[in-house]
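Just one chain follows, in the form predicted on its own, and it is written as structure tokens.
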């Protein structure tokens, strides 16, 4: 989708992403609530951008499993508790599993094309307040429950272990190849003060092998050898918020377009639950990104910086191929080459991705667009890319590549 008028990302806020392994996470459960995370993201977005809350025309909230983890639905009205100036403004929740945040951004952009001038997208999830096994059952609702839930107690890890098994066998990819993705994620996260795993350092040898710190945990014996604990994204609490505006909206706010990032296009695709043709291909993502590329008038090689959905390490390799940066089976070579490092040709997941920055499900898609904005405006501190990026891409995936949102963003100024 190419917007029918100029649409700008004004800025926003990402909270600290917290969970087990981070010193400020309380093992006894005294951690910020879903509402507290969401309220921080919303109000700090106003503070950081200088946007008056009263200027917001409407808002969209990304959240997947609030009813399960936090006994909370009706998230649009929950967000309105953050700031009294929002009372009465239209806010609603949107859901697309792990792509919920991306869909909140899609709804914001669409609202700006149909009459609104200043719109907020925010997302949040709290997931650390139940056991890992119980939480895995909640997250399994993003799969086709009737046919896929029994794959393993940890349904989604098993589904992507299945992808890893097929990918490794078809293309002779090794655990060390996959380990390069994990090592990059942790190294980048070590430079990011907001990252869930900011204080956890790893070696390539550790993440490429089975050991006490990187064990296989699935019950499914066929799939168990193909996924280790550090291959996985984190069970994380956190939130993010972004403010989008039209040119008229910027005039109302008194904001220079050169201080913003332009939304050049987005692609959005959805495929049937439980119906994957080829476990070595992210076909839905390929279509979504293809639409975004075409409508923005760019090629994959034009991308300077990207945020992609590395829910499991093998997924990032599959993303490289779906997004046009590597031929089928060659994603591992791209990872090994260093081309996707912070100082590489295509800097991918500079803040640590889902594996190290963390994955509060409803916030991830919004975190992705905000990370591109932050890189383009030189706000990433120790993990800032060396050269100012001009073109950025996101790929936010829900389920087993069943819903994908991809944005192309262009720097201004």
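Remember, it's a predicted structure, so these values are computed and weren't measured experimentally. Numbering follows the first chain given and starts at 1.
Beyond what is shown, the protein has a form predicted together with another copy of the chain; the following relates to that form.
Asker: Suppose contact means a heavy atom within 4.5 Å; in the predicted complex, does that hold for all of 96, 114 and 399 with another copy of the chain?
Answerer: Yes, each of 96, 114 and 399 comes within 4.5 Å of another copy of the chain in the predicted complex.
Asker: Using heavy atoms only and a 4.5 Å cut-off, determine which of 210, 204, 77, 130 is in contact with another copy of the chain in the predicted complex.
Answerer: Contact check passes for 77.
Asker: Would you kindly say which of 270, 220, 192, 246 lies with a heavy atom within 4.5 Å of another copy of the chain in the predicted complex?
Answerer: Among 270, 220, 192, 246, a heavy atom within 4.5 Å of another copy of the chain in the predicted complex occurs only for 270.
Asker: Pick from 295 to 303, 223 to 231, 167 to 175, 67 to 75: which stretch has a heavy atom within 4.5 Å of another copy of the chain in the predicted complex?
Answerer: Going through the listed ranges, the match is 67 to 75.
Asker: Any chance residue 251 has a heavy atom within 4.5 Å of another copy of the chain in the predicted complex?
Answerer: Residue 251 lies outside the contact set for another copy of the chain.
Asker: Could you tell me if residue 40 has a non-hydrogen atom within 4.5 Å of another copy of the chain in the predicted complex?
Answerer: No, residue 40 stays farther than 4.5 Å from another copy of the chain in the predicted complex.
Asker: Answer with yes or no whether residue 337 is in contact with another copy of the chain in the predicted complex, where contact means some heavy atom within 4.5 Å.
Answerer: Residue 337 lies outside the contact set for another copy of the chain.
Asker: Should residue 60 be classed as touching another copy of the chain in the predicted complex when contacts are defined as heavy atoms within 4.5 Å?
Answerer: The answer is yes: residue 60 has a heavy atom within 4.5 Å of another copy of the chain.
Asker: Using the arrangement in the predicted complex, list in sequence order the residues of 300 to 319 with any heavy atom within 4.5 angstroms of another copy of the chain.
Answerer: Residues within 4.5 Å: none.
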